[in-house]
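Starting off, we have a lone chain in the form predicted on its own, written out as structure tokens.
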Amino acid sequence: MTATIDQNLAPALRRRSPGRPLRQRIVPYLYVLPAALFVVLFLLYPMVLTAWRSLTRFDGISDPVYIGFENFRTLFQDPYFLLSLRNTVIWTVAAVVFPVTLGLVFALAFSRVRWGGFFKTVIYLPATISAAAAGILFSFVFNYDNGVLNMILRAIGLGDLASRWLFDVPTNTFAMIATYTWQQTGLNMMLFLVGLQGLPPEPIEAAKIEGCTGWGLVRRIILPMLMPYVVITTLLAIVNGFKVFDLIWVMTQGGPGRASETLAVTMYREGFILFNQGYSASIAVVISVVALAFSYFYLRSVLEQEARQ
């Protein structure tokens, strides 16, 4: 009889709480809502606004005037933009060739040696400071009158090699690339160390038994297995090198003149110094499109790597 009463009450209880299943479906979305609002307000809305302003003539004060793709047509006729585009390509290539290559070399050299932990710590330490701080530090190193580098050159009798490192073109670009390499190499080394620790030991041990050691072991066994990490690190370096700004602004502000500007520096100068914000937005769109393209390949490489594990 108790079972009969329970069966009769069950429909009534369900009718008294019709909203309970709905609340259970809504609750998970409430947890996601703050992150979704953050993405919309601070990522999607600025992207849409920048894309719109790139189609206008806007000085940040008066109302924007729609001019279509005129800003983009002007871009590729502007000698300053073309110069900054060339400098950005140089920066991007240098960001791959030097920090990535040195990071790989250091990772292979210090992965299984005595005192390796100490050397890895020393190489990684520069990555813990900001690019702006690194720029300030090396501004003193490359100073012409009392910079550390010129003082050392004069002390050892090589004063003729002392140079205005941050004021001569293209020496200033090479000096900033050296600073960037010093700061980024440790981060790339850590990425490669993660990859080396995840390699299966069996193929390496089998190759050693067959007599493959040294550079032959690295070239034929380790590098092919490490290639997914090489691709990921390279793509990440390309994206970071393409949008470098703070180090350049701290060290030279794009000078002398505008000779060492990159796209990010030109975008900042046009938008916040010359107040050509519509034109600046068009440069931002170009940077974003290129960065998103490389980011797509980067994320695809990461997901493929996770799928293989």
Partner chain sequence: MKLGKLGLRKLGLLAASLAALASPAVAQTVDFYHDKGNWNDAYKTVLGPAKEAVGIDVNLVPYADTSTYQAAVRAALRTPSAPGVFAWWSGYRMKDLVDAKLVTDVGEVWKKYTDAGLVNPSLASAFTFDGKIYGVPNLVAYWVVLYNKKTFAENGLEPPKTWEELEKVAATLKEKGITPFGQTIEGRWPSFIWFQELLVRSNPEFYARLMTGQAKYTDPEVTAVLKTWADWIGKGYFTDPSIAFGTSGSNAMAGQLAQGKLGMILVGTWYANTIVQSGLDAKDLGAFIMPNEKADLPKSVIFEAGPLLIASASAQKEDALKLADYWMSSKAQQAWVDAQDFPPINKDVKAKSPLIADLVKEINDGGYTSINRFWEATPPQIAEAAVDELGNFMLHPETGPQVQQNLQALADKYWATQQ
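Residue numbers count along the first chain shown, from 1. Note that the structure is a prediction, hence the values are computed from the model and not measured.
Just so it is clear, the following notes concern the form predicted together with the partner chain, a form of the same protein that is not shown.
Only one listed stretch (25-33, 55-63, 39-47, 280-288) carries heavy atoms within 4.5 Å of the partner chain in the model of the complex, and that stretch is 55-63.
Each of Asp145, Pro256 and Phe272 is positioned with at least one heavy atom within 4.5 Å of the partner chain in the model of the complex. In the model of the complex, the partner chain lies within 4.5 Å of some heavy atom of Tyr80. Among heavy atoms of Phe110, none comes within 4.5 Å of the partner chain in the model of the complex. Mapping the unseen interface onto this chain, Phe167 counts among the residues with a heavy atom inside 4.5 Å of the partner chain in the model of the complex. Though the partner is left out of this view, Phe242 does not reach within 4.5 Å of the partner chain in the model of the complex, counting heavy atoms only. Phe140 is the sole member of Phe174, Phe140, Trp215, Phe118 with a non-hydrogen atom lying within 4.5 angstroms of the partner chain in the model of the complex.
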